[in-house]
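Here we start with a single chain on its own, the form predicted on its own, put down as structure tokens.
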Amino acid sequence: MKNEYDVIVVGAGPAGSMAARFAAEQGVSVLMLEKDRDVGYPVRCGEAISKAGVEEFISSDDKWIAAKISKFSFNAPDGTEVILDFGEAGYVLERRIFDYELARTAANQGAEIITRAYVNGLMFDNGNVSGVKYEFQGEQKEVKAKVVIAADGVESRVGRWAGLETHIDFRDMESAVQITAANIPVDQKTLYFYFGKDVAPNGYFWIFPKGQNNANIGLGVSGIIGKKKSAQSFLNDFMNKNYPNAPVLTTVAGGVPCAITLQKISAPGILVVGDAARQVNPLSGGGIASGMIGGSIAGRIAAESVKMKKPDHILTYDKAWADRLGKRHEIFNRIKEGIYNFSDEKFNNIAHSINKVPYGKRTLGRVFTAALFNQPSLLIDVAKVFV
């Protein structure tokens, strides 16, 4: 252990590991601190990701792929099912193994990693972030850095300590709960989505297969709905109706920030990435791929700043993120708000309409076009991201 590093990353999830890796591969010194005992634990995620989202950063490997996905199944309140076939489009991961491998790619580039290191404060020099304070093996420690990257998840405190506005409206914070269950006889190549007031009002319910008839089963609902009826209650109702005897292997619950990126994700001496920066796709709630992208941009810019000896260079991160994904997420957020309060009848009509399209011509773009047919301004947004 040294007393100073060029870059310190707080959190070893996908965003943190990519930040550490992309900084370290430029030859600067990097320390990544993870508060939990193991990288990749606990898993708080549906674990679905596109194949392209994975392979931008790491070659696909069956050891961390639980299921290979080629179809989406959208299920309307009246039981109508719409199936879209994409070919081999994505995966359901084993996040414990996947996250471990991502961290290993950072280590292979020279990043140092410490687990069970609980960051509990920041260091400042003339108002600029200049390092972190943390507890390790019962001792309080301090370590300096030219750049700190906060990758400490949805409940992030590091950005807030630096004076960044991390508040999110409770209506945009989805209340989510998920179990991993056994003996779930679904097609192992299909992601299942359910909509309607009885399963997930102002959100959606999912079943994501994980091989050998195991599956992640969960839902996310808006903060407004969650105050009236908990996500756990909706999950219990669904399981009692559909899989009453399924053994439950794991249970996780938490908040998912389905909103646009924080207004500011950089400040002197600090960058914020992943869930901590609200880099989650607001429409789907997916954050693995976008977190890795945010982390990679932050790591690259942090290292450039160190090598150029230009501390202010890190402030270009906000625009770099916006140009890559941030502006696209703003479009997804408008689409989300457009479909947020659909009635069960509306969902049923959309399903009936899409099922009239020949199977081979069904696309996500067609689904959203049908959903937003009477909202011309949103159709333009759909065209921007799906056409």
Partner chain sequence: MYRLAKTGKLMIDILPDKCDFCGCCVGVCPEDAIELKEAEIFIIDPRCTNCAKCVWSCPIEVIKFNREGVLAK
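Just so you know, these numbers come straight off a predicted model, no measurement behind them. Residue numbers count along the first chain shown, from 1.
Same protein, other form: the form predicted together with the partner chain, not shown, and the subject of what follows.
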property: Exercise: E155 in contact with the partner chain in the predicted bound form, heavy atom 4.5 Å; result: yes
property: Distance check, I113 to the partner chain in the predicted bound form, heavy atom within 4.5 Å; result: no
property: is_contact(W161, the partner chain) in the predicted bound form, heavy atom dist at most 4.5 Å; result: yes
property: In the predicted bound form, G255 touching the partner chain (heavy atom, 4.5 Å); result: yes
property: Residue (of M173, I297, A267, V199) lying close to the partner chain in the predicted bound form, criterion heavy atoms within 4.5 Å; result: M173
property: Contact residue in the predicted bound form, chosen from Y118, F124, Y100, F86 - any heavy atom within 4.5 Å of the partner chain; result: Y118
property: Option from 30-38, 318-326, 351-359, 58-66 whose residues, in the predicted bound form, bring a heavy atom within 4.5 Å of the partner chain; result: 30-38
property: Residues of stretch 229-247 in contact with the partner chain in the predicted bound form (4.5 Å, non-hydrogen atom); result: S230, A231, Q232, S233
